[in-house]
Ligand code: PMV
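Given next, in structure tokens, is a single chain: the form predicted on its own.
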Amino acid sequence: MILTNLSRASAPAKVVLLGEHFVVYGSPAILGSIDRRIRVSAQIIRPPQIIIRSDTGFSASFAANKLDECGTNLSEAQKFTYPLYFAAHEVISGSLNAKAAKLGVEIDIHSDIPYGIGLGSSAASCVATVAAVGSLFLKRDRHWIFTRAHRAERLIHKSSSGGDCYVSTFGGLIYYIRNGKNRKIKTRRSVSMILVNTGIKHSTKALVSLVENFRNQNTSLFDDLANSATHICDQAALALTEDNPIKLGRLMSRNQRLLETLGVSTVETDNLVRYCLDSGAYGAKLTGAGGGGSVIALVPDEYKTEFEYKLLEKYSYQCIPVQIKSYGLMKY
């Protein structure tokens, strides 16, 4: 069954408030979808091809009637877009009508999520692509979309906990446990933060391996850190529901110290976190894999303008105000 020839979907970026890295090993994390999104449109085409274009300038095409392997014979654009191709191919191959009619899909991507700074742009791309392509042929719920988006994202981050795809699909503030029971955290008012992009590029794969090696070599210490991370997340969930930003900020800073012990923070990040605290933030920490990337700071509303001015005066880092939004995936 073909429902429509054109469909659109959008999915939000995210920040990890607490719990990154530990979530891979079964501890909870708190993630929030933010007010920046990736928008994907998908259109049926008659040649059995999957064509992917983005407003960032890349374009790639693949076969739709068979799954091309991600080998050395692919172009750089094809390697970059391969997870999205994989996601689209899985949806098409699951539609008997699409296979019988030898149909293809043209996918256009528009993003206001900066790439590579820890905001989950790859997960949001996978979620929006699965939703847009899936809506051409099938009526599926968010869990179906999440599962397939997570499979595609794991081609990028093999050890992904699924948290990025989950919060991008369902939206809001999520208390997330890998392969566990997840729940939304309800707050009395919206949560907003300032994200500071250091511009320092990192390799998520390398940082995940670093933590894995740390865990293998320091089993007892890692278990203690993971228990502390779990306690911090549980207390932070209460602080969010109680609208207690001072407590939340302190917990964020405690989480940062755990990440420093793991070795995923950098001297530049440590210095930036301290400067954020000295400049009036309730709390600050890295968000995402670490190794550079971005820092999130919880700042009182009345100090945000002064806070950004101080940061720009001290550093040349980009400041991005972000707000947690309750809506996740949208199809239209």
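The numbering used is simple: start at 1 and walk along the sequence shown. It should be emphasised that the depicted structure is a prediction, and the values quoted were computed from it without experimental measurement.
FYI, the form predicted together with this ligand isn't displayed, but the following is about it.
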Checklist outcome for this item: The one residue among T81, T169, N255, S161 placing a heavy atom within 4.5 Å of this ligand in the model of the complex is S161
Next on the checklist: Going by heavy atom distances of 4.5 angstroms or less, which of L240, L173, L119, I107 would be at the interface with this ligand in the model of the complex?
Outcome noted: L119
Checklist entry - Is there a heavy atom of V24 lying 4.5 Å or less from a heavy atom of this ligand in the model of the complex? => result yes
Checklist entry - Could you tell me if I44 has a non-hydrogen atom within 4.5 Å of this ligand in the model of the complex? => result no
Checklist entry - Is there a heavy atom of T204 lying 4.5 Å or less from a heavy atom of this ligand in the model of the complex? => result yes
Checklist entry - Are any of the heavy atoms in L262 no more than 4.5 Å from a heavy atom of this ligand in the model of the complex? => result no
Next on the checklist: Tell me which stretch of 86 to 94, 69 to 77, 216 to 224, 196 to 204 has a heavy atom within 4.5 angstroms of this ligand in the model of the complex.
Outcome noted: 196 to 204
Checklist entry - Even though the chain is shown alone, can you say which residues of 267 to 294 have a heavy atom within 4.5 Å of this ligand in the model of the complex? => result G288, A289
